[in-house]
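Given as structure tokens, the chain that follows is alone and in the form predicted alone.
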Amino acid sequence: MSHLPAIGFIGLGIMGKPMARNLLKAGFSLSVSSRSKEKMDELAREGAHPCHDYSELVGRSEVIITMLPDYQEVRDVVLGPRGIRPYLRPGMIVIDMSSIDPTVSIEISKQLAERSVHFLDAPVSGGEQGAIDGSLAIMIGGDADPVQKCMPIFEALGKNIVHVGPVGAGGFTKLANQIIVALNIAAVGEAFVLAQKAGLDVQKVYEAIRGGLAGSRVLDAKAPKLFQRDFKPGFRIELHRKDLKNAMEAAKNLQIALPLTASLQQYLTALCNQGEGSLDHGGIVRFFERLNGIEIGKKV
């Protein structure tokens, strides 16, 4: 696969569509499949080939990429009765770039191996902007040979690309990532609730702390939007709750305690129950605002 492989891309959501667009810009032959005809038509105008059935998509492709909400959709698309498995040819590579339960990735890999098809789990971090910019962090699990063959694909999508281990390792790495991001956002929420209640200018507090040890990419990405009350989704609260659920399931299987993650998962569940699951995960701060009757950034 020294040439650029033909790619079939399944899932054109907030992350998937800009990722597919970057593959087109990098010169890949791209076929796309989505439940949204509008999104397929949009990419077709940019050079992609829209496919309305998986037999056509797989037939036109050497590598299949899935970017879907959770493991149920990934399992259904890859292994389900109407999925891609019957059409896969020996030597093909399937890359799942969704954030799912790593044990499901391992299960899919074993079943595809029976057809001599390689499987990589390669979840990403960086949100919608990272997908648009082609600057995603990509955590790859799988055998070294297919990883190397697919490196031009990963390089078209991201900047920080690490092969972390066998199949499943990508998913476990993403769970660790999601724990750190969610807890960072929660800490930002609590900290600025304190500053707001003390009567401080939260913008100045942000400027004072961002250059010290409390500074982080999460702080820089979320605090300005928080002050502007901008919770337009780049990565939705309901999806982050799903990731923390998968982290807690992994913790159960590994027989370890993750008390901070467990508490935060409950906070996200409360926000979803209050109708805010479709907000950006920066909206996690709203839990702490409500708890204290405070709106960060509001003049006091």
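The term rigid core refers to the maximal set of C-alpha atoms that superpose within 1.5 Å between the two forms. Numbers follow the displayed sequence, beginning with 1. Not measured: the values here are computed from a predicted model.
Unshown form predicted together with a further copy of the same chain; subsequent notes refer to it.
- For residue 79, no non-hydrogen atom is located within 4.5 Å of a further copy of the same chain in the model of the complex, even though that partner is not displayed.
- Interface membership of residue 111, defined by any non-hydrogen atom within 4.5 Å of a further copy of the same chain in the model of the complex, is ruled out.
- Proximity of residue 213 to a further copy of the same chain in the model of the complex: non-hydrogen atoms within 4.5 Å are present.
- In the model of the complex, a further copy of the same chain lies within 4.5 Å of some heavy atom of residue 258.
- Segments offered: 182 to 190, 67 to 75, 85 to 93, 225 to 233. Contacting a further copy of the same chain in the model of the complex at heavy atom distances within 4.5 Å is 182 to 190.
- Every residue of the trio 207, 218 and 263 has some heavy atom no more than 4.5 Å from a further copy of the same chain in the model of the complex.
- For the residues 150, 104, 117, 169, the 4.5 Å heavy atom test against a further copy of the same chain in the model of the complex is passed only by 169.
- Of all the residues from 146 to 172, those having a non-hydrogen atom no more than 4.5 Å from a further copy of the same chain in the model of the complex are 160, 162, 163, 164, 169, 172.
- Positional change of residue 25 between the shown form and the other one stays under 2 Å at the C-alpha, relative to the superposed core.
- Once the cores line up, the CA of residue 252 ends up 2 angstroms or more apart between the shown form and the other one.
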